[in-house]
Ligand code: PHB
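Consider the single chain below, provided in structure tokens and representing the form predicted alone.
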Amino acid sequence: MTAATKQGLSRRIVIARGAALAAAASVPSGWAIAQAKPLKVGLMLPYSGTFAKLGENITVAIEVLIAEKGGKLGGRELQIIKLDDESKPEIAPQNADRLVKRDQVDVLIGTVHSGVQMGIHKVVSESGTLTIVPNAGNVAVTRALCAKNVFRSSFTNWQPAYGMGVAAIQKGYKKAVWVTWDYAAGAESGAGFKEAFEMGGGQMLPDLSLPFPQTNFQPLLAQIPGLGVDVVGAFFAGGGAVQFVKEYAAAGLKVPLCGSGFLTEGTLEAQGAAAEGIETALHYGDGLDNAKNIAFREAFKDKAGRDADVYAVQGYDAGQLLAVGLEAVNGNVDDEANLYKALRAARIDSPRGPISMSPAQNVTQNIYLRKAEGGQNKVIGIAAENLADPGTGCKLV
């Protein structure tokens, strides 16, 4: 047999042959041998570049969960294999292929960047590797491209913005415009806001957008006074969100600004006074008063030396979801029918509140209304309770 042929053998073939040899030698079965081996968990996350802190927070939170479980999940020791995806979509398929084929991971947890997620998705959907998405919000993964082995512990871009649209209607706003970068996350968020706003009787004007990652916001801001809108919704994140919020305030616009929670998530310190009073919607926020959140934040800070954020919560819940599945099958990941059944039926006590899986295997969760005050995104209510992404086009068999 050639080396290439050996490399092409699937994990199940290897286990099956191992079982046959073991039986012949009158030693413990191949299944028992597999159970004694550490479960390989691949973490394909950004550990360098712009999103490095996000990847690190997800990783630390997973480690917190594993420690809480005594170092094992479903009775299995874990071997964690980390791979820096560098937030580069162009190398995502080969990175995922490396984890799945060379390292033969049993589970892949990844990633942050939606473009990278699409590169991962093709590999894992074809290989059947159990995959949990701890951040990337692109809707296709749990809509038209959904796969029975792919679950998400975070959100879709549609969800927070839909919640903000609901809240905007409840505040009595009638006419709105969405401002964003012209890329998938901005468009998907805008679609969520528009759906909720128009369903409530509001009128949406055509989006104001500019190419990603440009930050020449002045031409867009100059149009707002003449539009006659009574609220502006926005999706920006990171440095772009900082600049947009500052320029919006500096322009002296009297129209209230709101948006998907990433407009002010992790950016408040840099935005300073310009962000005061901005309302956003997200599945997590500062001051959530529940026992799970309090305990998690304490454990995370003890380990990381910094406060937890929404990315840490999503990583922790990726670990919680995996634990539910593995405990149901006593660590036997090859018992796919019962493993996936348990994952789909999971009811998890999250730091963000109770969560479960939608039919498309995305998170059903509360979307909170937050207000920027004194450097915090303070939760002031629930914008949409137990909100599931519609999962349009998903056909799981």
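Residue numbers here begin at 1 and follow the sequence given. If you superpose the two forms and keep the largest set of C-alpha atoms that fall within 1.5 Å, you have the rigid core. Worth saying up front: this structure is predicted, and the values here are computed from it rather than measured.
The same protein also has a form predicted together with the ligand, omitted here; what follows describes it.
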Listed residue that, although the ligand is not shown, lies within 4.5 Å of it in the predicted complex (heavy atoms), from Val107, Ala136, Val177, Val123: Ala136
The ligand: the contacting residue among Val150, Leu321, Ala96, Ala185 in the predicted complex [heavy atom, 4.5 Å]: Ala185
Contact of Val112 with the ligand in the predicted complex (heavy atom, 4.5 Å): yes
Phe235 within 4.5 Å of the ligand in the predicted complex, heavy atoms: yes
Heavy atom of Phe51 within 4.5 Å of the ligand in the predicted complex: yes
4.5 Å heavy atom contact, Phe197 to the ligand in the predicted complex: no
Interface stretch in the predicted complex with the ligand - options 168 to 176, 142 to 150, 203 to 211, 235 to 243, non-hydrogen atom within 4.5 Å: 235 to 243
Contacts with the ligand in the predicted complex, stretch 305 to 326 (heavy atom within 4.5 Å): Tyr311
Asp84: Cα shift of 2 Å or greater between this form and the one not shown (core-aligned): no
Per-residue C-alpha change between this form and the one not shown, Asp97, threshold 2 Å, rigid core fit: no
Rigid-core frame, C-alpha of Gly266, shift of 2 angstroms or more between this form and the one not shown: yes
